[in-house]
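There is one chain below, alone, in structure tokens, taken in the form predicted on its own.
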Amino acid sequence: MPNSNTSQAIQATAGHPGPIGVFDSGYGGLTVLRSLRQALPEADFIYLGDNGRAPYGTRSFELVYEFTLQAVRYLFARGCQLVILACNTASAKALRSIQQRDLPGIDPARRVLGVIRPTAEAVGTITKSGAVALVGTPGTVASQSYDMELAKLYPSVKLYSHACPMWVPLVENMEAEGPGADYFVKRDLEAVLSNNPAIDTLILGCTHYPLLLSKIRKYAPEGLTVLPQGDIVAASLLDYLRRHPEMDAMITRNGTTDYITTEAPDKFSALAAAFMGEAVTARHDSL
């Protein structure tokens, strides 16, 4: 059951401009937030990382949906009229249900957007061979969300997917530059690329993975286009706001960012600084 205080706060903020909410199961969405802030430097943002219950990548569809809906309601209660699910697992396992089943009852004027469709739209304009690889969490790969989006948008594109369960733990344990990252990145890239020489584009289907870019480029074959999602999602949001001026008008613009974590704020702040390239001060809250 929804928390009554949260429901009252959502009602109280209905129709009032507020910050853009950015949600991730942990730290990965910070790579998207960084691009969003560059694209919309005057906008206000709230970043929510559910680090206390991460990772989402191996959890069931039902649990990811439940956790993501709690996060969306939390951000709505804090005045967000627009929430970006900067998490491939949440986008894959929860976005459609929240958009179709929950939003009409919560507040039909608010919006929740994900990262998978913008990425799929971009891929079809980039690949020349029509052979594309995806690396992601087990949950994202198992959802086949990218397969379905590409089939709708670019049916001639062939997608080769590979789950990389160790990549997120490497990033979140600050081992992205360590020897473990070399081992797992090399192994997983070889697994998806070695038998498919036509692949010319690699989707980083998890927003943590840009922190592994130096290792990915080290072991990727020459000529492979590697696609982090941050800039793609930011460009897509700019286009969305141009097409929906009524939502653009609902964003407050004081250039602020509020960081919230469901785990230890000191730990979050230290690692988030590596993602953002600047000092971060987070606070703790529960969903």
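Only a predicted model underlies this, so the values are computations on that prediction, with no experimental measurement involved. For every residue, the number given is its place in the sequence shown, counted from 1.
Beyond the structure shown, there is the form predicted in complex with a small molecule, which is absent from this document and is the topic of what follows.
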Residue contact check: residue 206 to the small molecule in the predicted complex, 4.5 Å heavy atom: yes
Should residue 230 be classed as touching the small molecule in the predicted complex when contacts are defined as heavy atoms within 4.5 Å? no
Please check if residue 168 has a heavy atom lying within 4.5 Å of any heavy atom of the small molecule in the predicted complex. yes
Would residue 137 count as touching the small molecule in the predicted complex under a 4.5 Å heavy atom rule? yes
Based on heavy atom distances of 4.5 Å or less, which listed stretch (258-266, 245-253, 219-227, 53-61) is in contact with the small molecule in the predicted complex? 53-61
